[in-house]
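Here you get one chain, nothing else, as structure tokens; it is the form predicted alone.
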């Protein structure tokens, strides 16, 4: 009997999941597994917890929803904490599995895990987080254009986004124990309190992802004005805010892309609908950059191997991450991140520019702080955007933001700064202080 492990990674959904689709088609029984990689619960090279409580809580909520969805298909999700390249071969022996199906990842650490597993199991990896099948692009990965506009024009003309796959009708397998999903507290973190100022009370899982998509597209038709509102700072409506669900794979980029196409047919096709596709192409591009350049996306000089000299000031960095620099626009954005795990795209560009160009601090340290706190952390977009801000990525120009001018343009009445520079509630402040103590 062909029995396989379906290893869920950043693809926490049944819809449009190529690895799961292949496993259901080719195997008689499936063991669904998720491994909480304990290495991502530890501190990184800069001393920060790699997965902070916001992202961890969102992940655990997403796992709970995945578990419920699998239960509806007659299966059980097995959740373990450990090292995937050790736990998965052990599970394969325990359940007498002949193969492992999983989604492909493209960053160095994840590739090393895949290589280790390939030496122990029959592994089959599928492209689940990309818009395009990389093999179908109009150029080999080694010749990926170094300028986004060149890439965009080529793929818009020559590449097609595959239709999303339907979920399996059923997921047969042997009797499995009930799922045990740990809590944030059991993993050693304090759950942050909900902040009423947050743009959205994000909740993980595919059901919530599709609810947000339906709300933004069909219930409010906010997509029609996305291009005009995307640089907003306050409230749920200024952008799609799909990114946390995309980062965890509760929603696929292909699902969003084709939903935009449906919207264009049924409601309107305009600059705003195109612009959301444009943003999905940026997300795609950063994945392909990681495929092409490998570990260089983590180097001080980025993919340009640019010689860089950074100042090392713990005081400057501490003021930046705590939102106490004295630049009110930077501070407001950094406090929103600290208290909610989210920040607008406009804010991210400004605080990154400020850290690199005004404070002269190593961009990788800022990227690591974002990794710790951001709900929607995605290694490719995070490091791609930080390289871009530092002038060591795909755009060789140094993009220095005048934060005072940016504040006057995007927060002319000061509403955003007033919102986040006021004193937080006691429980919110207590959480922030607790979190900083953990980072020391």
Ligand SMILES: Cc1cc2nc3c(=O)[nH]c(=O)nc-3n(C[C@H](O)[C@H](O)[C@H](O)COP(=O)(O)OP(=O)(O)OC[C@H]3O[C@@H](n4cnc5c(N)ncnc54)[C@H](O)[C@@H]3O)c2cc1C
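Positions refer to the first chain, counted from 1. Source: prediction; values computed, not measured.
Quick note: we don't show the form predicted together with the ligand, though the next part is all about it.
Look at 335-343, 156-164, 292-300, 79-87: in the predicted bound form, residues with non-hydrogen atoms within 4.5 angstroms of the ligand sit in 335-343. Using a 4.5 angstroms limit between non-hydrogen atoms, residue 264 is distant from the ligand in the predicted bound form. Among residues of the shown chain, residue 58 is not one whose heavy atoms approach the ligand to within 4.5 Å in the predicted bound form.
Contact check for residue 282: a non-hydrogen atom falls within 4.5 Å of the ligand in the predicted bound form.
Residue contact check for residue 242: one or more of its heavy atoms lie within 4.5 Å of the ligand in the predicted bound form. Contact annotation: of the candidates 69, 37, 411, 376, the single residue with a non-hydrogen atom within 4.5 angstroms of the ligand in the predicted bound form is 376. Of the candidates 233, 246, 131, 368, 246 is the one whose heavy atoms come within 4.5 Å of the ligand in the predicted bound form; the others do not. Using a 4.5 Å cut-off to the ligand in the predicted bound form, each of 226, 276 and 352 places a heavy atom inside that distance. Contact residues in stretch 96-111 (any heavy atom within 4.5 Å of the ligand, taken in the predicted bound form) are absent; none meets the cut-off.
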